[in-house]
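One chain comes next, on its own, written as structure tokens: the form predicted on its own.
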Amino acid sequence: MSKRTLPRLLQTPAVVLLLLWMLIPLGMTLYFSFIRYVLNSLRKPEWTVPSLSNWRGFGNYEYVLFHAKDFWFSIQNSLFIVVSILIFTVVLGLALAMLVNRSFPGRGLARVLLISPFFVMPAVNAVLWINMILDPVLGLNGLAVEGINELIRNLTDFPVLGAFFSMWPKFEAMSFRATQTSAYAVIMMVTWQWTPFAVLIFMTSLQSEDEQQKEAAILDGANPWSRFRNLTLPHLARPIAIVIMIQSIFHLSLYAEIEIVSRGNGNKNLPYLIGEFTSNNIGAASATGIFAVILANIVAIFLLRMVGKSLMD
């Protein structure tokens, strides 16, 4: 037996199990997407059984593309949420990583506190944010707005400035459960949870930055922004690409935050739309799932190309 044959034989059970674990659900989803499969159909009881006799062809795909009112909105909203989270987590992650990379008393404790939000469960994170922080009545959002209004009311008693502050309108706390603002709530809470992940990756990468180059740049008169743009940022190109790729994979499948914040009221992504379809129309849900797989692969190919280019530079 050759040296290559034995390792391949030992790897075969794990590879086969992994393929079955991936291909069987994908195959079932693809099969359901081509048939009429409705869990509750009094008019057509035969549709409640996943049978080839209910073959529909591309009818489910046509329904999802042209007749499902929230399909294109869910794609647009998915991309909006993912891109917004990526921008905020990368920018905040870079800023915080640069801060905690400096030596100061209590740096170890600060690092632990920065990383801790990443270990909060998504559902718990969403409940805490929407009730304790963003609630317009009992949350910090409402308390902060009420504090500002109270301050303005007190300033109106001043003899000179009172007339000026009396013209100010009364501020109203924003409700983040509304249709127009619920996506912003999801972006904020997920950014808070995933920024520590970016901080951890960037902070680890900064430990390997060449200090001699930085000292030479300081001697040459380079200012802090020039050193960051020409030395630190190119050094972090690979970690940034990896953070973007990993987070995109996870954020394309957000569900708990949207369910808790708005119940999908004007704020849906593809996983949430699939969840709505699965309550009855399994065929449409499966077709939407295939579209989600295609979208995820398009994003993955784009990000892998970006990561590959970064690794080759």
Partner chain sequence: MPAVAQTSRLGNILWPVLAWVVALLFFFPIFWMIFTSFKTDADAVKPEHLFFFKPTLENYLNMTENYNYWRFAINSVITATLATVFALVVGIPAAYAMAFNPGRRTKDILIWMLSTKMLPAAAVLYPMTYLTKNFLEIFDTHFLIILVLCLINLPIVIWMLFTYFKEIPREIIEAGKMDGVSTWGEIKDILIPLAWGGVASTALLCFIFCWNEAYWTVRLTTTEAATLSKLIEGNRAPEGLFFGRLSAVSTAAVGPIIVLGWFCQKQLVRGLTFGAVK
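On a predicted model such as this, the values are computed, not experimentally measured, just so you know. Positions refer to the first chain, counted from 1.
Below, we turn to the form predicted in complex with the partner chain, even though it does not appear here.
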Suppose contact means a heavy atom within 4.5 Å; in the predicted complex, does that hold for all of I249, A300 and L303 with the partner chain? yes
Distance check, F34 to the partner chain in the predicted complex, heavy atom within 4.5 Å: no
Is the gap between F158 and the partner chain in the predicted complex 4.5 Å or less for some heavy atom pair? no
How about D70 - does it come within 4.5 Å of the partner chain in the predicted complex, if we only consider non-hydrogen atoms? no
Considering non-hydrogen atoms and a 4.5 Å limit, does the partner chain approach W129 in the predicted complex? yes
If contact means a heavy atom within 4.5 Å, which one of 161-169, 225-233, 195-203, 70-78 is the stretch that engages the partner chain in the predicted complex? 195-203
Within 4.5 Å, heavy atoms only, which of A216, A123, L151, I87 is in contact with the partner chain in the predicted complex? A123
Exactly one of I133, V145, V83, A178 comes within 4.5 Å of the partner chain in the predicted complex through a heavy atom, and that residue is I133
Within 4.5 Å of the partner chain in the predicted complex, counting any non-hydrogen atom, which residues from 233-248 show up? R238, P239, I242, I246
